[in-house]
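The chain below stands alone, shown as structure tokens; this is the form predicted alone.
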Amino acid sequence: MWEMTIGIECHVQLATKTKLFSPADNDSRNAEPNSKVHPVDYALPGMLPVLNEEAVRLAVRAGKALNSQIANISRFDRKHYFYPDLPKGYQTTQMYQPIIIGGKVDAPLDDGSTLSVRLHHAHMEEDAGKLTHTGSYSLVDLNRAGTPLIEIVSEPDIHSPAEARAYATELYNLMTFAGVTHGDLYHGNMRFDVNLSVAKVGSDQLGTRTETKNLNSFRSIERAAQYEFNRQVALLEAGEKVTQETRGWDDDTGKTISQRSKEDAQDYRYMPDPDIPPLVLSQQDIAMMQDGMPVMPGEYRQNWLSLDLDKSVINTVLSHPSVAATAESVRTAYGNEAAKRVFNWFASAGEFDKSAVESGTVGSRRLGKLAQMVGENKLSSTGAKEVFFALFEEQNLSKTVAEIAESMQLIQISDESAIIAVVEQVLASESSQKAVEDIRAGNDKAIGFLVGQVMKQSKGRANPALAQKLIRERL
């Protein structure tokens, strides 16, 4: 029997306006290639780097989210390698004295248990550019070169693809909730490198590891880990050796691909960066940078235990900080029952305009009112869900919930005299006679058919509880 051991390195792009050491714009989404670059990023003669203060602040806040210690003194080093994606010939990073030390991530698993992953450290560094390989040549885009990152390095505490996915998901939640990154996986705001090795169960030695780089989805992390485990086991059982190397992931084929042999640290010729003085932070500096931290995912989960919701519902609400904050505001202002309705609406919504939630246009007040209308039998559950989607439509942004429901003709009729007419019409119809006979014979379940007919004829506007009461009275 074989066991996998995984450690994950995660590059987190910090949400600064400018790059780590230059005044170049840090937002290169949809920008022309090589249009967001400054002479400092090229390290041209006479250009000196200036450390971005906001990047330091965000790194310190990330450390708080990771339950880590912040170093009072950290230093930058040069990591030398000659590759077109960093034309200055070295990457500025923190090899020997990183800013974030230790830490822990507690990731919830599907079975209800919690995976606790220790962190070795996290260091600040600049990103490299992007290479696009086309046939016999490669294109380089340096817009990303110099972008501020923290690289979070876990201990090898992960032992299954599902655990790897859970850890990566929780790390994403922590970084986005702390506000240190935009978390746009498509544009590479967070990229995961999966270091995986295989050994016999019970062995006190780890096997030779491979590193599968630049995974940018949780599904890819899980699939790549499973494929690499199977590949290494097949090699070992055939009497062959696993090569320590860097591998890429092809999402279309579902396979990892050898890219290059894995370098050891000494191959990079690290040296202290002579142009950047040590970063010195007092405890007071650290406290100020970490002041006003938002509510984090673990705290939300504790607050929501009383709602008794499915894990998938919780995860959907936690997929965006503004959605989680809005749902929590509904819970505190309108109570658990209203909150459960809002949670389930978000969970079943699929894609929706999160910016409307973030701006407060679709906020806790409107959602709480919508949930209240269901509790007061003014809206059916189905009707309320229709109104929920309508809240995000541009023509409804300035309307009240009641106005939207009224315009959609979804307000429930609770006037007995109005419903009586529909009930009597249903009971008199030929299609209802079997259900009427069944009820009189003691089959109470048949009343559901009659209520359904009332709802159908009233176009869903009759109060179903009142409709059932009136049907019973007449039978």
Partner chain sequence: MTSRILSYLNRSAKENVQQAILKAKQAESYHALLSLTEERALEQATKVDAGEITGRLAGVPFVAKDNILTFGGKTTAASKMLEDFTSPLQATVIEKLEAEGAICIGKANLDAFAHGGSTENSAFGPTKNAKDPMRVAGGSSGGSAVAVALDIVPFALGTDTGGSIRQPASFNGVVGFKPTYGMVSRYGVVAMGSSTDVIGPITNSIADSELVLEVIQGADPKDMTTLPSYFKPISSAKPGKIGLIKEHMSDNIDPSVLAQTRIAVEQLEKAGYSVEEVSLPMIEHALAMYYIIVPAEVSSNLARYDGVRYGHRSDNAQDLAALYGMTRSEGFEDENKRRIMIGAYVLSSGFFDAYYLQAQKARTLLIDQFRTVFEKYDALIGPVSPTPAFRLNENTKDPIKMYLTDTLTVPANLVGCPAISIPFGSTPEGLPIGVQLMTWREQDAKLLALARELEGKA
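Residue numbers count along the first chain shown, from 1. Predicted, not measured: the structure shown is a model, and the values here were computed from it.
Below: the form predicted in complex with its partner chain, not depicted.
The stretch in contact with its partner chain in the model of the complex, judged by heavy atoms within 4.5 Å, is 39-47, chosen from 25-33, 404-412, 66-74, 39-47.
For the chain shown alone, Tyr90 is a contact residue for its partner chain in the model of the complex, at least one non-hydrogen atom being within 4.5 angstroms.
Its partner chain in the model of the complex is not approached by Gly179, whose heavy atoms all lie more than 4.5 angstroms from it. Its partner chain is not shown here, and in the model of the complex it never comes within 4.5 Å of any heavy atom of Gly292.
Looking at Arg365, you'd find every heavy atom of it more than 4.5 angstroms from its partner chain in the model of the complex. A single residue from the set Gly360, Gly188, Pro84, Gly102 has any heavy atom within 4.5 angstroms of its partner chain in the model of the complex; that residue is Pro84. Residue in contact with its partner chain in the model of the complex (any heavy atom within 4.5 Å), chosen from Ala390, Ile276, Ala347, Ala287: Ile276.
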